[in-house]
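The chain that follows stands alone, in the form predicted on its own, written as structure tokens.
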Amino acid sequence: MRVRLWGVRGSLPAPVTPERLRLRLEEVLAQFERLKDQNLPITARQFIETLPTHLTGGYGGNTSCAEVTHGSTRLLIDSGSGLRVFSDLIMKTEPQCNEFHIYFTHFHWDHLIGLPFFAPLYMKGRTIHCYAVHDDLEESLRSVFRKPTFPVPYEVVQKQIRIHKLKPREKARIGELEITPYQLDHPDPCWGVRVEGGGRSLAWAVDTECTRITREELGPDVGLYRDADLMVFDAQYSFGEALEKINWGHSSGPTGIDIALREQVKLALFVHHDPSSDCEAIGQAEDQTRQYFDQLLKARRQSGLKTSDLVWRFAREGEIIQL
């Protein structure tokens, strides 16, 4: 099973400004000049690998969209602005592809704004299967294609769309994949999804505040995380920011670390980066999460407990993970 992240921002796309790019370039060149002054033998590639994430492209600016593939089956999760990037690529590389599957966690605009720019919607003979737990799935899609927010009416794309209402916490098969919706903690109903295929599993837990932490609080929704090979988790805020923004519907890296360690997750990726946070700020939140993780491991070692094999990082747009 392969997972590709087409958008990792939350709430609003956050493109890098030309001024910010110029400042980054100046910082990169300044660091390179310092190495040259020391006469250190280093190639351009080796130099780039020494730089922090915010100087090597950053984390990305498109909002939530992921692609999961296994065998001949492809599933898209949400249709944020990252969907347009996927659409552009698929029309170039697989123009003959005529069937798509999209799972919607919920219908806040950052998870929908890429949908009107998904080219297959406008092509006769294409079929776009849309899945969600919500009763208002079709009405929510219809609201996107409505003046004055968008000029093309829903009736233009309706013939290409197939609506599939899912049952909470019940498995559904999509080709060679199985998906199970689990409820997240968000101001409006939001359903994460566990995707399974080829003996591997993805826990998609984005747009959740995790007001329920313990297994007892999570109840049946703990099944989303348990023994997942990959957990994609909402870390829009630093831990301090999350404490200040109660009921905003988003979480932090340390909270995700706690869940991942307890539920034996193998790899955790943190996404839904705040649009007001530049890449330096996201890097600082990642550093704080690393400090928290290291302290937990130290405490485990001192208590004689087994240390965890958990691997984790703050995700970058375009990442491909092979499970």
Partner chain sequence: MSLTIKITNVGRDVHLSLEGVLDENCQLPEFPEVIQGELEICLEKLTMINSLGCRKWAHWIRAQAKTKGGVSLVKCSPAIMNQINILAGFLPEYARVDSFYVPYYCEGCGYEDRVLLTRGHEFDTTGLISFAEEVPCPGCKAIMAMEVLRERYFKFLARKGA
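Remember, it's a predicted structure, so these values are computed and weren't measured experimentally. Numbering follows the first chain given and starts at 1.
Below: the form predicted in complex with its partner chain, not depicted.
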Would you check, heavy atoms only and a 4.5 Å threshold, whether Arg300 touches its partner chain in the predicted complex?
yes
Within 4.5 Å, heavy atoms only: does Asp278 come near its partner chain in the predicted complex?
no
Consider Thr255 of the chain shown here, and say whether it contacts its partner chain in the predicted complex, taking contact as heavy atoms within 4.5 Å.
yes
Partner contact for Val265 in the predicted complex: its partner chain, 4.5 angstroms, heavy atom
no
Which one, Thr50, Thr56, Gln295, Gln31, lies within 4.5 Å of its partner chain in the predicted complex by heavy atoms?
Gln295
Since exactly one of Ile282, Leu269, Ile259, Val68 fits, which has a heavy atom within 4.5 Å of its partner chain in the predicted complex?
Ile259
Answer yes or no: in the predicted complex, does its partner chain come within 4.5 Å of a heavy atom in every one of Ile163, Glu170 and Asp234?
no
Picking from 57-65, 33-41, 284-292, 269-277, which part of the chain touches its partner chain in the predicted complex when contact means heavy atoms within 4.5 Å?
284-292
Does anything in 196-213 come within 4.5 Å of its partner chain in the predicted complex by heavy atoms, and if so which residues, in order?
Glu209, Cys210, Thr211, Ile213
